[in-house]
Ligand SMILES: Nc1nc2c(c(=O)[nH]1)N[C@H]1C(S)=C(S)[C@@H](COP(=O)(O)OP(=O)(O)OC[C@H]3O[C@@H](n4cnc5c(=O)[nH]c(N)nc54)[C@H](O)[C@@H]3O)O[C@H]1N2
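The chain below stands alone and is given in structure tokens; this is the form predicted on its own.
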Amino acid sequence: MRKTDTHPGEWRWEEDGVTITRTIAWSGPGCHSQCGLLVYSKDNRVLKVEGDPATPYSEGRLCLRCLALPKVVHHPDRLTRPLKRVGQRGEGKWEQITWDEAYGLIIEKTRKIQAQYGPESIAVMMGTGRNIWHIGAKLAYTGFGTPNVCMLFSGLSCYAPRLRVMPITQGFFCVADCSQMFPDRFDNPAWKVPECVLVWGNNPLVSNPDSFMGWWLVECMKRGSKLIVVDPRRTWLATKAETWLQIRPGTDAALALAMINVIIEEGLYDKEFVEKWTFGFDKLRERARQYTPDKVEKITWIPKEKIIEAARFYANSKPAAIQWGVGFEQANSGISSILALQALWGITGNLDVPGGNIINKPTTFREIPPPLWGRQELSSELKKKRIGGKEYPLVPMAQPDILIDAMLTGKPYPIKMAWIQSSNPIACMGADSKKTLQALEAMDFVVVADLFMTPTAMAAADLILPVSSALERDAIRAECYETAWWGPIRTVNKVVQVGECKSDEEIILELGKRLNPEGFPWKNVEEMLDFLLQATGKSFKELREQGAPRYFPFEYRKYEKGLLRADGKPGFETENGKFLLSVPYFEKIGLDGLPYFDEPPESPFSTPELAKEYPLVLTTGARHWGLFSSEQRQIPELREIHPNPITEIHPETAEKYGIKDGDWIWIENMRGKCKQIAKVTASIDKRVVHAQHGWWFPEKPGPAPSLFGVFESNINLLVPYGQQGPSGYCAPYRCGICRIRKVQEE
């Protein structure tokens, strides 16, 4: 039962001399959710954070990261003034300067580099989970005038592949329907409880991926939903599932195709929907016939009986939903996995129906904020210079693997400046961590904007800008456009001011106005937010005063009602108006238009000789309670839960290598090694090990060579650049090979 909202419609009030502010947790530090917060403050200090019962998305629930926000906001190690490097890179010698001096230095270096090498020589690199992707793109395109904006993440292997593919195949983003489109949630009469939820490539209870709250699944389970869970690890959800498919990492596309095979060959597909609304069914049928359960059992290590059982259960459940995550994108055949999973909800008619996979477009569609904001302002000549554009036309941003090589080699042209915001690539997303560092060290000028000193900032930055946390900024939480799934619009409301920290929005606007005043005409952040919100008919202040989230009307089966296409006709906003099971555009640019399976570049099957030396499959990146990627390592309460990095090993494997639970072990392959603590558990296959990612140690010395111990336990030392899929998207972060051994007294 929901708790009572004691101050309906208010966003700020006083109680017993304490100010209470209603806001949401939308980064930084990083967070993908939009949990409602009640923040208690006094005398410019956050006292505590509680869940807001008036927020339908979270209904008063909070995770450890939100509860720890006061510790983050007022942490003694926060960056609070701009820092200019005065020693050599990595020495840890800094001078505090003013914001005007910092902006002046950026302008000076930018103009020099633009004049000598062209604006394309500047790379804007952003991370995940911060509310700046649209505004950061605006800074890149309109401010610096560069086409090179991206995540420094091999294959852009997180969310970006889905954002790119779904608008092509069905016009808009899709998400599992757990009633989140309605303010009255599970009580809404239009919504139906999914009979089956297929959880694939994520553990939503821990990760809450892409604003999908894991507890929604639990609420669906309480109401009767049954689960199929595809995961190499036996998670809590896997223990509650009707069927747990313990997949070999990197083989998701094969499994999905085998399920499609069963559904089509047994006539379990929705014939009416397929005939009327889809394109390419016969081609998909022929492709899926190559992936029989017998064949795929050998590929995935999943018994064929379980594959058949899962396919039948999903197809016969009406409605059924797929809740997917980043896991299958972090393999070289990730794009094929996306096509195959979409085909599952397409051929079973579970698209845009209550309790199925719903299309994100609200009935009154608005784009807030504009996707890749400012890109249209680039000249056609500069657009053509985007790194990787010729090689990978599907990728609208700079392609990271090619960008890294350009930073190191100067080909196809020099990259001389890096702007890094909401990202710690050496410790987190960057593959081959030492190569990532070398690439940043090759830059003439590097700016890092962050809340704390990170290994990336210490090692590579010439200038560090202190960023406000989620409780120190005014902003909007809105992903209301075709390439990202829709949620209610909320305001992020400033509670306190820490030092001279500025929000990402402030930094980008103030610098943008100096770089290109005409491109950034707003006097302040509020005016810029008003501009972004104008399609809603509400200003930032009006939306904030509303107190509650701004929901738009939502309808199901929009493809039947002419609510998806620009011309108002029934169908999908695709090149032929159909849901594409086979993608003609892919074929035009030299890609396979159908899903298929590619063996990971390094595996027991693709590299059998190499696998003799490195016999274990290495998977990485599963989220854990309390920490988001490489953040929160400074917070004692959260480190108490996660004091050290963990690698999960099956008991038989541990015994084979003389390893006991709690031992420090080396994980190594042909690229390098790192050490983590062994967790011996039967929840993982004996041929697979899982290592945590994002580890560094703020308590260790910052200056080089230590760099906060970033190379001690960093699993990305074992992950390559240059093994992205043929589209330029997706890379094998979760399906490599390794060997393990106990750390001896060395």
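Keep in mind that this is a model prediction, so the values were computed, not measured. For every residue, the number given is its place in the sequence shown, counted from 1.
The form predicted together with this ligand exists for this protein as well; it is not shown, and the discussion that follows is about that form.
One residue of Ser179, Thr142, Thr110, Gln421 in contact with this ligand, assessed in the model of the complex (non-hydrogen atom, 4.5 angstroms): Spelling it out, the residue with a heavy atom inside the cut-off is Gln421.
The single option of Gly355, Gly280, Pro204, Pro645 touching this ligand in the model of the complex, heavy atom within 4.5 Å: In short, Pro204.
Contact of Gly250 with this ligand in the model of the complex (heavy atom, 4.5 Å): Answer yes; at least one heavy atom of Gly250 falls within 4.5 Å of this ligand in the model of the complex.
Partner proximity in the model of the complex: Phe605 to this ligand, non-hydrogen atom cutoff 4.5 Å: Output for Phe605 is no: heavy atoms all beyond 4.5 Å of this ligand.
Close approach of Ile715 to this ligand in the model of the complex, 4.5 Å, heavy atom: It does: once this ligand is placed as it appears in the model of the complex, Ile715 has a heavy atom within 4.5 Å of it.
This ligand contact in the model of the complex: Phe586, any heavy atom under 4.5 Å: Phe586: no, not in contact with this ligand in the model of the complex.
Heavy atom contact within 4.5 Å of this ligand in the model of the complex, the stretch among 306-314, 435-443, 461-469, 665-673: Among the candidates, contact is made by 461-469.
Those residues of 209-239 which, in the model of the complex, come within 4.5 Å of this ligand by heavy atom: Residues within 4.5 Å: Pro209, Val230, Asp231, Pro232, Arg233, Thr235.
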